[in-house]
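Included below are structure tokens for two forms of one protein chain, each presented in isolation as structure 1 and structure 2.
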Structure 1
Amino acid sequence: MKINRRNMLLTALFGTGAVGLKSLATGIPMSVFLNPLKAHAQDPVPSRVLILSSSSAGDPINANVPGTYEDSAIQHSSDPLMAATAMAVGGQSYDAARPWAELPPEILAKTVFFHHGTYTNAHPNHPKAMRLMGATERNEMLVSVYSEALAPGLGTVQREPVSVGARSGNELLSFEGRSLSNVTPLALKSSLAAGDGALADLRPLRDRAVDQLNALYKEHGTANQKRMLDRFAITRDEARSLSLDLVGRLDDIANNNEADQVKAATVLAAMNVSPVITLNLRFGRDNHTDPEFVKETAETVTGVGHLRTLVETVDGMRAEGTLRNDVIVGTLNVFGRDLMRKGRAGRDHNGRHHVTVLIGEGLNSSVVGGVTPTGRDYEAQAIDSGTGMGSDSGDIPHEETFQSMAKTLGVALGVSRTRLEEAIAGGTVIETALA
């Protein structure tokens, strides 16, 4: 049974015939293996992978980021670990909780804090929030819209997104109406990094695949195809180095916690399995009963730490050549939290204010939108599309802030604007948030 489950996972991740593994081992695009005699060199389409932390718990990220400290009525943790700390975002000075302010300048230089609503305050509506509450074409999940659009440019093994951190059926992803399985970090490790695992040594796979293409092109190929093979094919030493690096990263996985989800997500990105990978990081969770915001403090500190590790890991892998594509890291949950304490207990659900944090190339350091008082608490303010700033007279109303975030992120990832207009009803791209 173990072997069967392993083979099923390998086929799911790398396709029939392990064409994805061949691409990983050789550096040659999968399209070449799928149809070698029709392959020709093409300039890559600028596209980026998305690694997204998503949760149905509704974390209070929105209560501690830049843009929520200007109003003194908004309540924050009094713990020194969460002290209001000045930080520079997009050339402007803001206060935020210390963990956010202490992110390195090179990370903050490509970070966007996007204030918006999610228009729901119910945990079971997480799948609906992932569908922008009905604003997506064919009611598809946003991550699936991105994944399908980005797959051709990135040359990934599959069009579907991959989850490594779903905690319940409510957090499973779907694609074209199909529910997708969760791939745990431990399952990934056991299938790929064991002594006889698929990543044990990529050199033999690399040599066989390159030899087969060389023989085919020698007899039937064009001069252009032969040059293309030389251009893409990595060396045996590079294949060996890649194998050791990925196996080493997977060997470090001990369970399925947040730290190991980060490791698994970066390895999946390096293996070019999918354009979108989701995980589940904690930032305070469902903290109705959180006196003095104790849990909020502890999990914000660790959650921001995991985000930093994730960004620094993908940046390092990109610089080393282990990871071929740029990556945008982000957070998107079912709803935010009230900015006013309810008695002394904690924070209630807030579907009218949420903050998506985005970090990566293609983004311009900025705070988009803001907060404004509403009936009993606060909501995401309307946005001035020209400046990206929150404004009561902004031309992007509160009711389209969610779609605006989705379209802005889509452009940063490399989804065409035409496709985004087709797939998402309403909303406006915030140009100031784009590099």
Structure 2
Amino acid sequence: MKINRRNMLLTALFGTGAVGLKSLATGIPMSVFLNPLKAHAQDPVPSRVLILSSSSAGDPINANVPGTYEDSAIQHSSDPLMAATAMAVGGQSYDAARPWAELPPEILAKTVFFHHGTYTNAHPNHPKAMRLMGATERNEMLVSVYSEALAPGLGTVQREPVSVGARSGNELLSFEGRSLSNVTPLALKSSLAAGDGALADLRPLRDRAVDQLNALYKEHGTANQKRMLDRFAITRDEARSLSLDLVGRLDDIANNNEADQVKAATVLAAMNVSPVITLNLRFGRDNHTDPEFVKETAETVTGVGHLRTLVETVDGMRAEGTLRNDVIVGTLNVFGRDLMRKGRAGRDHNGRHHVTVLIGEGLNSSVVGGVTPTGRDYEAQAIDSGTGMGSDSGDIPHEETFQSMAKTLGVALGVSRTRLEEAIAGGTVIETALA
């Protein structure tokens, strides 16, 4: 049999139970057919991809965004690069550090600054924070709740989220109890690089031989061993179903730095690999000791810049048709930082105040919640669910602000409200934050 691209396509379509054909015909990802128990009925809402910057360092994003400039006791950098600058959010005027305030109006028009607690102030609890400190169903990570729910609607290659920027074991993602490996930009580039032409042409034949080997091993395997063999087959098929048209965009990746993470994340989104992609942008990091907030200033400037590049890149790809789905870009770290306690000498951990920044379609420009003094420092205020404003008498208590952010983001992404109620205990969707 002469191997050519036509035969390759036929194998991809008709191999492994013709899942490729089924997938093509229905738009449902192959992984759903290969694992039908996991498929959920779809709600008729648009599904969006999430690209989330996440870090266990606990960056001081919360100190520089709208909502933390009204109280004069709150400390900010005095560097002109971070000067308090007026900005319009949701038709209201706020002050924020210049890098945030100077984001283009079209980005601010779909940006939400959500003040909430994360209820932990320890770096090792980053995985717990990603699980909403125990408020998710079966202790699943929030990004995995989203990913599992969004995969069918988005038609992604896989159901699991992908991380391109985890810097330590604490930042690895998990899905249904399985830890997921990090895929650095350089590694992504290498693993997806086109193989040797002649050998690549023989892949369909090899896939058939490997399937035969798998079947042979299964004959002699236990149920658990068969499970692993199935995983080998499924992930091989997922790899085969990747659209490689965009791989060329990875060519100029030379590093695993933030700029390269941005490139990798956008390409993965365009390749429709996963509903959720995480990366790791710096906004000042763990700045206990940061006289005059020098580090915070430098990294906020570059961090907001990367965020802007990310948004503009996905918007550009969406406009040119490279990207099939809308993307929401966001940030979620283990905790925020103190706003006042150490003056301008640095900032300690603050599990009671964190700001998630969300940018994308489906979001309505707004500042949700606010801050209130605690005596020691500040915490996220209770929220009035009707207005989204911070209020000491708000019906969403501080203890449910985190889940409220998670549910609001979930709705914006297109996860059904029913599913969100099942998966997240507590919290209320903030309708004013939704477009």
Partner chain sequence: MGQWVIGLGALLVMGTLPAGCTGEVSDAAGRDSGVGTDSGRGTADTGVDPTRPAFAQCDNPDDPYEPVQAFVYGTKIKGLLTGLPLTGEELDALMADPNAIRGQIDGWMDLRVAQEKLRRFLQTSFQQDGYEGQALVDLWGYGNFQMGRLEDRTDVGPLFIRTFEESFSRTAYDIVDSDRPFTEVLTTQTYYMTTAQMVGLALSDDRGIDDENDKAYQTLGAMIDQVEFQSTDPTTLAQSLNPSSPEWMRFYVENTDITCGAAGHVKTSGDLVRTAFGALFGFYQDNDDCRVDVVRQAPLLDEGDFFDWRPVTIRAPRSGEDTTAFYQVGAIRASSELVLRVPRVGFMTTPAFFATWPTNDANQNRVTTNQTLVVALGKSFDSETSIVPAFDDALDDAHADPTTSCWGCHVNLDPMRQYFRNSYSFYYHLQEDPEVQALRPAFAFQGHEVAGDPGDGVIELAAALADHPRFAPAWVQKACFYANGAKCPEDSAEFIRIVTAFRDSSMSFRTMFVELLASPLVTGVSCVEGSAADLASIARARHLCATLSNRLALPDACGTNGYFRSELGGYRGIAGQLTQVIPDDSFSRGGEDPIVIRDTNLFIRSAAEALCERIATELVKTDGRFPSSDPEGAIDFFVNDLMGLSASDPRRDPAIAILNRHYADAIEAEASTTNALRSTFIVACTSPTVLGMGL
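Heads up, when I say rigid core I mean the largest set of C-alphas that superpose within 1.5 Å between the two forms. Everything numeric in this text was worked out from a predicted model, so none of it was measured. Each residue is numbered by where it sits in the sequence of structure 1, with counting from 1.
Next on the checklist: Between the two structures, is it 1 or 2 that corresponds to the form predicted together with its partner chain?
Outcome noted: It is the second structure that is the form predicted together with its partner chain.
Item to check | Core-superposed comparison between structure 1 and structure 2, residue 240 Cα displacement 2 Å or beyond | outcome: Comparing forms between structure 1 and structure 2, the residue 240 CA shifts at least 2 Å.
Checklist entry - Superposing on the rigid core, do we see a C-alpha displacement of 2 Å or more at residue 226 between structure 1 and structure 2? => result Moves: yes, 2 Å or greater.
Item to check | Rigid core superposition, residue 104 Cα moves 2 angstroms or more between structure 1 and structure 2 | outcome: No: residue 104 shifts by under 2 Å between structure 1 and structure 2.
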